[in-house]
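Only one chain is included here, represented as structure tokens and corresponding to the form predicted on its own.
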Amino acid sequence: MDSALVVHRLHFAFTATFHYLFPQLTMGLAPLIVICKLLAIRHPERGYAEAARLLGRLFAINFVFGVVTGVPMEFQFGTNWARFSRFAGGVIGQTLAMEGMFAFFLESTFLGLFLFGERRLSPRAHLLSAVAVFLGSWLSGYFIVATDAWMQHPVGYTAAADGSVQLVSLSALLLNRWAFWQYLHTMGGAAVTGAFAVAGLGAYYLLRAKPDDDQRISAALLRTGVLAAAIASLWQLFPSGDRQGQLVTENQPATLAAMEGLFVTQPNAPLVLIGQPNTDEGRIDNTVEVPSVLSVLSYRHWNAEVKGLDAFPADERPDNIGLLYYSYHLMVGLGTIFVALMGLALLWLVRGRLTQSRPLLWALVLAVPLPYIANTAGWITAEIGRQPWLVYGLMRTAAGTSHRVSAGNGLFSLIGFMGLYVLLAIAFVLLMTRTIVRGPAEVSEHALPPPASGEPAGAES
């Protein structure tokens, strides 16, 4: 593989992976903030208002770092991937512009109202600002996912005389069926991240609490996080994960074969639970597998034939089968663990025993990083699985780079980004740590005073 191509791919992979650490949490926290605000109106004495206020501060920190790390990715389309931009800009430029003009401004504007308007707005008006932030963040996610979905399954375009593609149907682009299920799966992953973070935060506060501490905020966070995480984890397996897998089966069969480590076309194809792909000899070693299950999952029939990698020319297969196989299995394995852990936590919560179970509380705290790993593995699966295509079936990855940016130039800027992002990571950890450690005390100190005698609770201040 061309050395410049390798550097350009590593460069974008690094900046995209680092960037997505932040929006996956903001998109995951946004609906939970709305839920806490709703519960605060119905149960003002149970700590939900303070929980929403704390989550809003964590949201704001992640939002700022998401913006800072997202801007360079836009420029990379022109610096490192100029031929791709010239080829596909007439299509993906629409969704990227819509994300910036509509969703980002909606989210950022109402985030300011949510953070600084609580004392000036009625509870219901403040709730509406939280809803607007939620809609903005999730709308932003849709436009980005629609862009990537077009690269996975291009629709609504026509070839121009200069060799580029131009958009002929905005509705086809926005209503791409690949975008629909990819979006639901992506946002489900963000919801898992946000819910695990909230549950872990509540568990952390309970573990460090003293007997005479007010534990209402901790309990509110724990209840909200565990219930949301249990629902979101199940959603990731079915239906969103299943439907996304069906799309891969129908449209990218070589990707499916590589994901599952299936080297030879066969009926009654087994589902490999554990194994090591041996690409040199075209087989998978040391397997633990379940007979015929891959056929059922792929085609809903025990005897269905599933195409292996041997059915595709070498230059049409994903170019890193090992990484694709392991990232996919890591994502699925962690998803299964999420369902088991949150199912157990939900059971203990319903029985009223969760707050006293220190081992389970510690498990919730230690599990907070795992959704980040699972989401990263999921994006690696999607992007490595599309290879060797940059736009599936239309443009090869090797044809999309910038001719004038050498491997040395790309490596120099990559090292620079790494150094800068180390400093950003340190700043992020310090800000998050300070907010988390001091959070309950600060949000309680800034709680709204009770309404004056004769003043209705929902009146404007």
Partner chain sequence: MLYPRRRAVNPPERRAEEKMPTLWFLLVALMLVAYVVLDGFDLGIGAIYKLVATSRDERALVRRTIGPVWDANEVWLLAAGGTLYFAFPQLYASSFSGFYLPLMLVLWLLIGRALGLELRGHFGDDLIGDACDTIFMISSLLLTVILGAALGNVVRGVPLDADGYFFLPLWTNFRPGRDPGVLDWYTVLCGVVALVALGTHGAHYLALRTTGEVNVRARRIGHLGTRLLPLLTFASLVATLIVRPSVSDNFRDHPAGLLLPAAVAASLVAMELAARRGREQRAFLASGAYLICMLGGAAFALYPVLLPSSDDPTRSLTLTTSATGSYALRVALAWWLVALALVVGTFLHLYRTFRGKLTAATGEGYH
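Residue numbers count along the first chain shown, from 1. Predicted model, so just to flag it, every value in this text is computed and none were measured.
There is also a form predicted together with its partner chain; it is not shown, and the following applies to it.
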For the spot marked by 71, 77 and 89, is every residue within 4.5 Å of its partner chain in the model of the complex through some heavy atom? yes
Thinking of its partner chain in the model of the complex, which stretch from 253 to 261, 229 to 237, 167 to 175, 313 to 321 has heavy atoms inside 4.5 Å of it? 167 to 175
Answer for residue 61 alone: is it within 4.5 Å of its partner chain in the model of the complex, judged on heavy atom distances? yes
Interface membership of residue 389, its partner chain in the model of the complex, 4.5 Å heavy atom rule: no
I'd like to know whether residue 422 contacts its partner chain in the model of the complex, with contact meaning heavy atoms within 4.5 angstroms. no
Does any part of residue 109 reach within 4.5 Å of its partner chain in the model of the complex? Heavy atoms only, please. yes
Consider the chain as shown here, without its partner, and state which of 163, 352, 291, 369 has a heavy atom within 4.5 Å of its partner chain in the model of the complex. 163
Answer key: of 215, 278, 94, 122, within 4.5 Å of its partner chain in the model of the complex (heavy atoms) is 94
Could you list the residues in 346 to 372 that come within 4.5 Å of its partner chain in the model of the complex, counting only heavy atoms and keeping sequence order? none
